[in-house]
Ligand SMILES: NC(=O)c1ccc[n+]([C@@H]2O[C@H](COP(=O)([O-])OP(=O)(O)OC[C@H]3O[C@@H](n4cnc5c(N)ncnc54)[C@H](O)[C@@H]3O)[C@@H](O)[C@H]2O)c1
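Heads up, the chain below is alone and in the form predicted alone; it's given as structure tokens.
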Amino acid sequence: MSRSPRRAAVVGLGSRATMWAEGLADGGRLVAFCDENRHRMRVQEQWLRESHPGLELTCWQPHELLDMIVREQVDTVVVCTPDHTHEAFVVQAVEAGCDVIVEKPLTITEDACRSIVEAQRRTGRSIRVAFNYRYNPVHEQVRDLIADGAIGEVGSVHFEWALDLHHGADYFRRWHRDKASSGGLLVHKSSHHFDLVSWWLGASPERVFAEGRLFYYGAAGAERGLDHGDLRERRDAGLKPFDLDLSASDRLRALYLEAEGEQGYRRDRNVFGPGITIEDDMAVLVRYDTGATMTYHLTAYSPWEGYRVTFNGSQGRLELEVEESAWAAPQAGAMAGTIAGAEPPTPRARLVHRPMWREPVEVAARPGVGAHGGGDARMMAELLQATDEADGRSATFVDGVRAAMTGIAANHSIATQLPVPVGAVLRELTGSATHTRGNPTPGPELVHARGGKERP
């Protein structure tokens, strides 16, 4: 049985919200926007009306969220706001009787995770997390091979993710540069990767240890002579490799540059300037409840973009390498085009199965085409159907808690230089003693079904 959201609202109208707004408008389900920036809402509405001339929707401020839900009879809220605000919007929405789809990460602190869990238990509403990497076909291949026993019991995982000088740098010029807003890259970005490993292994983290530092951006880069100053303050002509000229893209200019007058938020901060409190080089060691360990490294200043993940098992080894970009061209105009949503290059993927005592076999890898390996389109097609039954691929809020808490524990470990025993906290939060492949086994008090409190 499935039930599509009949009347939906999008909260947070930055660039990521465009995808959700278009998908909901295509199905005739979008009825409202909610954002503190009125200009940004008007821009998104104008873009939608170009492809949906008959579209009727209303625009609301965050403090009007509950009024919006009641007056517009909203049954589904899509949350695309900065990470530190997710908790408030998710809790308010489910308390008002709505189901929620929330962009990753679910939230950025343990207390916020606890608040969301308690709200879900009280209301029984559905909360789904947009982990689009689950929908990349090559990731499903990996999961199927492991589930079918191709390498036996998994003993260890090595996972390296490289963000290139376009993608990686971009986190250091916008709100993500502030750990209080984003949780740092170990929460904001790595929650994708931590979720994949839990999903692939059918495992939940027990203990986390991490190291991290700001190595390349910020003052470190300035000391190396990489800093050319703020583009808006410089008087010399020409763009430098790390400059982002918002005026060079119609979409970025409309959505951010022309919206600065209301809140003053700048999308193009100097990546070597002051105010950066997140790391750009991070190493994490995780032990899971299955006994497997993972060594993980995230680099945000790589000359290429892609990732390598290796699984060592009792009956062999599985290796996946995906190259998303071979190198980062220095042209700032190309950077603006990439950030504005230009079609990414087709990734190259290699998947190798190395069984014990036999020759290795190269498996025909199926990397997805499009944003996030085609994951965005496939994820939306599924999540906007709002199926009642979990299919093992869409992520519940419990999966969101598990991924976020891995990054939160890693941040705590960096701060204290101590391992963090996160397993007990996760069992308390999720109400489950074990994690089965695909979806958690709920404890008696954890409600996954729809229903719960209805709107007044």
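Note that residue numbering begins at 1 and tracks the sequence as displayed. These numbers were taken from a predicted model, which means no experiment stands behind them.
Although not depicted, the form predicted in complex with this ligand is the subject of the following passage.
Between this ligand and the residues Arg173, Arg134, His188, His193, the one pair within 4.5 Å by heavy atoms in the model of the complex involves His188. Contact annotation: of the candidates Val208, Ile127, Ala130, Val271, the single residue with a non-hydrogen atom within 4.5 angstroms of this ligand in the model of the complex is Ala130. Look at 158 to 166, 140 to 148, 92 to 100, 77 to 85: in the model of the complex, residues with non-hydrogen atoms within 4.5 angstroms of this ligand sit in 77 to 85.
When contacts are judged by a 4.5 Å heavy atom cut-off, Pro105 counts as touching this ligand in the model of the complex. Taking non-hydrogen atoms only, Pro62 approaches this ligand to within 4.5 angstroms in the model of the complex. Residue contact check for Gly23: none of its heavy atoms lie within 4.5 Å of this ligand in the model of the complex.
In the model of the complex, at least one heavy atom of Glu36 sits within 4.5 Å of this ligand.
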